[in-house]
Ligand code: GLO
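Given next, in structure tokens, is a single chain: the form predicted on its own.
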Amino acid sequence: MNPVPPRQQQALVARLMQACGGAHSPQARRKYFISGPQWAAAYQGQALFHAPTREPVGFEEVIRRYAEIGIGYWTTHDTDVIPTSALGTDQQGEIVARIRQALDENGLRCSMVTTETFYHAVWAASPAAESASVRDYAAFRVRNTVEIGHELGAQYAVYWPGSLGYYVQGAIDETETLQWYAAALNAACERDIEVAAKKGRPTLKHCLEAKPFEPQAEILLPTSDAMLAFISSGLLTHPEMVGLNPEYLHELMWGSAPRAALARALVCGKLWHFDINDGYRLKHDVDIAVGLVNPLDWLNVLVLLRSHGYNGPFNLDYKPPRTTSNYGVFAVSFPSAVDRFITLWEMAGEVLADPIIHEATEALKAGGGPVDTRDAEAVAASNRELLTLHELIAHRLVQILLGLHRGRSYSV
């Protein structure tokens, strides 16, 4: 192939994207509770060792492009759209009014707001630092985010306490830090109750997001299980208002099975919001788009969620690669991520309706017939052949993922 001049490169990308096929219409995409974060689309490719590779993008353009793609919901951190110095001022009100106008003009809704408590220097020792002034500021920030959420019509507030931890052992009293962090969440919930009553709206669903690594050396609430224990600890004034926002990759990072973590949240009735992406075990937070690394695992995750009636948001919390251009973010990254999710969601429906998986699963539950349940050898012998169905079910899942159950085959 001859070199492709810069002026022809977008056309090449567009043509090859169209040639991929399998795209859903914007109308079809809007049928799903998929939300697009401001920070994901506006991510410029920067990282600890990497300079930005893309130009800045404002919320008006992000909202407009999401509407064109068919992403019906928008989410944001407070400081993604409002300068830190403007929080709680008249300027905040002006910006929020512009956001509402952009959402209305493009037919989008704000589903979730979240507070940045990890980037600014004020959080160097976490939002639950020893200094009462830092903690008072943290309480102001989360209360203010609740107010922004109600102004924008959000249903959810998410908290990622990424800097809740320490760099060196012995520097903090962990129990005290957790009590201080709970005080900030209590302030958010109390303010939520006040604002919701004043506006005649339901209170927000407050969702905690865990992450095992970064930015502190040791994290106090590193997993969704730790978050569940924290919610049940007695430190929260309104634990019924607080649930989870697990992130797929955050659970995978420490070697866990995301599906198992989600199941534990479901059992507790606390799976309220879900950040979707992909990546690798025991690696850093690469935030690759859903299904690009672990499509079979993702199929299993969605089978679980479909079978248990999960109806919360799927938030596209990922970073378009540094190699992707500004044009590519909206022409490739987000539409392809949404379409892969929809495909996997529909495949999960096929799994649940598949007669082979259904019969195998029912046979395993039925067991091998009456035996003396105090005789280990008899119980094992009664079920020995049925247990082979575990591998058969896994094979069938792969067949559905690859389309082999529909007769697709490859010549050898």
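We number the residues from 1 along the sequence you see. Note that the structure is predicted; figures quoted are calculated from it, not measured.
Below: the form predicted in complex with D-glucose (GLO), not depicted.
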Each of T145, H206 and W272 within 4.5 Å of D-glucose (GLO) in the model of the complex, by any heavy atom, yes or no?
no
Among D192, D278, D317, D78, just one has a heavy atom within 4.5 Å of D-glucose (GLO) in the model of the complex, namely D317
Counting any non-hydrogen atom inside 4.5 Å, which residue from E151, D339, D297, D285 sits next to D-glucose (GLO) in the model of the complex?
D285
Distance check, T114 to D-glucose (GLO) in the model of the complex, heavy atom within 4.5 Å
yes
Just checking whether W180 would be counted as a contact of D-glucose (GLO) in the model of the complex - the rule being heavy atoms within 4.5 angstroms.
no
Can you check whether R141 is within 4.5 Å of D-glucose (GLO) in the model of the complex, heavy atom basis?
no
Check whether W39 has any heavy atom within 4.5 Å of a heavy atom of D-glucose (GLO) in the model of the complex, and answer yes or no.
yes
The stretch from 152 to 160, 194 to 202, 86 to 94, 306 to 314 that lies within 4.5 Å of D-glucose (GLO) in the model of the complex, judged by heavy atoms, is 152 to 160
Residues in 239 to 259 that come within 4.5 Å of D-glucose (GLO) in the model of the complex by at least one heavy atom, in order, are E247, H250
